[in-house]
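Just the one chain here, the form predicted alone, laid out as structure tokens.
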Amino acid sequence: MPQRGPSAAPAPGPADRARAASVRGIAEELARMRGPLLPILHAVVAAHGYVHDDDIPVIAEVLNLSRADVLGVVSFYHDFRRTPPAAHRVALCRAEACQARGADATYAAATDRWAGSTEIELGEVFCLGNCALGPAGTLDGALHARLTPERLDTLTAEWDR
């Protein structure tokens, strides 16, 4: 009977065997949990900073899922980054309350300052629950209130060194 779909030949092995072994260990440890895929992906991100393309077939094999199943979950949730993280992360609130307090100017200044930076990643969030003290944002995960372009410069001054 002719085979349908992709080749039955195994995929090439991962480039980083130590990482693959680590990911396999994480997946095998958590595989018995109910609904193990999300906890495994979170653990991989916690251990390695991101989910590499080579991690996907390893996790799929351990959980007896297709690569498409794992990739679909990884690509759906923005928490599962697929590239190494920048050294610093800035996330600025873009919701209405913060916009009313000047978030657009702060975001524009931050975009101008860090455009093209590989060391600082700028993102946006939609409400941090800190509306009364907006514009709000997080710098490396720490919540900050009443952010202005000048305050951002002060808070991140040591990042440029």
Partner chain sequence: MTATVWVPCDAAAVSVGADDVAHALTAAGATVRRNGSRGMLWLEPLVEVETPTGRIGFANVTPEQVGALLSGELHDTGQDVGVVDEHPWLARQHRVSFARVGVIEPTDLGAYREHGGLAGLERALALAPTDVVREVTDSGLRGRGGAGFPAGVKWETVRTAEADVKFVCCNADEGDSGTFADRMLIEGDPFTLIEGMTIAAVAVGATEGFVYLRSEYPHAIRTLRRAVDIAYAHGVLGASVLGSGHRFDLEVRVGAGAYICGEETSMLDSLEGRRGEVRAKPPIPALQGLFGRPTLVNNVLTLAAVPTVLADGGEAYAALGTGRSRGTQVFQLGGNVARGGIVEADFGISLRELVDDFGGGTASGRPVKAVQVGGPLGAYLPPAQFDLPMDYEAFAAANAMVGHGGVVVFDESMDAGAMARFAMEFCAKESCGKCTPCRVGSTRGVEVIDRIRAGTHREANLVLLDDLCTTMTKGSLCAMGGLTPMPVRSALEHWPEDFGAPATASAVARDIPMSATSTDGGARP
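Positions refer to the first chain, counted from 1. Computed from a predicted structure; not experimentally measured.
One more form of this protein should be noted, the form predicted together with the partner chain, which is absent from this view; the next part is about it.
ask   = Would V73 count as touching the partner chain in the predicted complex under a 4.5 Å heavy atom rule?
value = Answer yes; at least one heavy atom of V73 falls within 4.5 Å of the partner chain in the predicted complex.
request  = Check whether A21 has any heavy atom within 4.5 Å of a heavy atom of the partner chain in the predicted complex, and answer yes or no.
outcome  = Taking the distances in the predicted complex, the answer for A21 is no, it never comes within 4.5 Å of the partner chain.
request  = Considering only heavy atoms, tell me if G116 and the partner chain come within 4.5 Å of each other in the predicted complex.
outcome  = No, G116 is distant from the partner.
request  = Would you please decide whether L143 lies within 4.5 angstroms of the partner chain in the predicted complex, comparing each non-hydrogen atom pair?
outcome  = Heavy-atom contact with the partner chain at 4.5 Å: present for L143.
ask   = Do all of V45, A109 and E150 end up near the partner chain in the predicted complex, with near meaning a heavy atom within 4.5 Å?
value = Checked in the predicted complex: no contact with the partner chain for any of the three.
ask   = Heavy atom within 4.5 Å of the partner chain in the predicted complex: which residues of 24-46 qualify?
value = Counting only heavy atoms within 4.5 Å of the partner chain in the predicted complex, the contacting residues of 24-46 are M33, R34, G35, L37, L38, P39, H42.
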